[in-house]
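Below you'll find only one chain, the form predicted on its own, shown as structure tokens.
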């Protein structure tokens, strides 16, 4: 699957599910599963950057995840700060960081200031890279994104058309998703990129996110290779 076979590089989106179940099967606390998941995300970023992947968008933390136990949420927040802090590694692989989610200065945003700083710093420190774009969806929900986009279109006096909604999404420059991967055997979309995945090839795998490896990732890529 070479880049010459496509009008543009692939956009792959991932719902990183199964960290808790991965830990439970090993008799470990859920936090250990999230730590393993963060480590595997770094590995998947390295793998994707070497493939014909132009955009990798991952569901880091949803608007619904705040109801999880406070200790678990604190651990996940710490892992995201660490993820956004992998600047040297991201630059080594020519990866540019982006973020989508409820804007920090708008009502309803719950992203802690420390995570906000880490996100802004990662975006700034990788802005010069022109390889793969890694977008982390944090404090993100697709219904909230679409409702906001429609409201902004109306505020600007535009008719609520497909074009108006698309131009007011969190990242209007993000291309449509070519492949959505969900791990851990769940066959759900979970309020993730509902606008951007119209017509997307979906791959549901039984493997938990910490166990997703290069072979499984390549098998998923092959699903869009022939028909793209």
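Residue numbers count along the first chain shown, from 1. Every value quoted in this text rests on a predicted model; they were computed, and no experiment measured them.
Another form, the form predicted in complex with a small molecule, is not on view; read the next lines as being about it.
S.K.: Would you say all of 46, 96 and 175 touch the small molecule in the model of the complex, counting a heavy atom within 4.5 Å as a touch?
M.R.: Contact check failed for every one of 46, 96 and 175.
S.K.: Report yes if any heavy atom of residue 205 sits within 4.5 Å of a heavy atom of the small molecule in the model of the complex; otherwise report no.
M.R.: The answer is no: residue 205 has no heavy atom within 4.5 Å of the small molecule.
S.K.: Counting only non-hydrogen atoms and a 4.5 angstroms cut-off, does residue 55 reach the small molecule in the model of the complex?
M.R.: Flag for residue 55 set to no.
S.K.: I'd like to know if residue 30 sits close to the small molecule in the model of the complex, meaning any non-hydrogen atom pair within 4.5 angstroms.
M.R.: Heavy-atom contact with the small molecule at 4.5 Å: present for residue 30.
S.K.: Answer with yes or no whether residue 76 is in contact with the small molecule in the model of the complex, where contact means some heavy atom within 4.5 Å.
M.R.: Taking the distances in the model of the complex, the answer for residue 76 is yes, it comes within 4.5 Å of the small molecule.
S.K.: Which listed residue (10, 13, 16, 220) meets the criterion of a heavy atom within 4.5 Å of the small molecule in the model of the complex?
M.R.: By the 4.5 Å criterion, the partner-contacting residue is 16.
S.K.: From the candidate stretches 182 to 190, 38 to 46, 197 to 205, 155 to 163, select the single one in contact with the small molecule in the model of the complex, where contact means a heavy atom within 4.5 Å.
M.R.: Heavy atoms within 4.5 Å of the small molecule in the model of the complex occur in 182 to 190.
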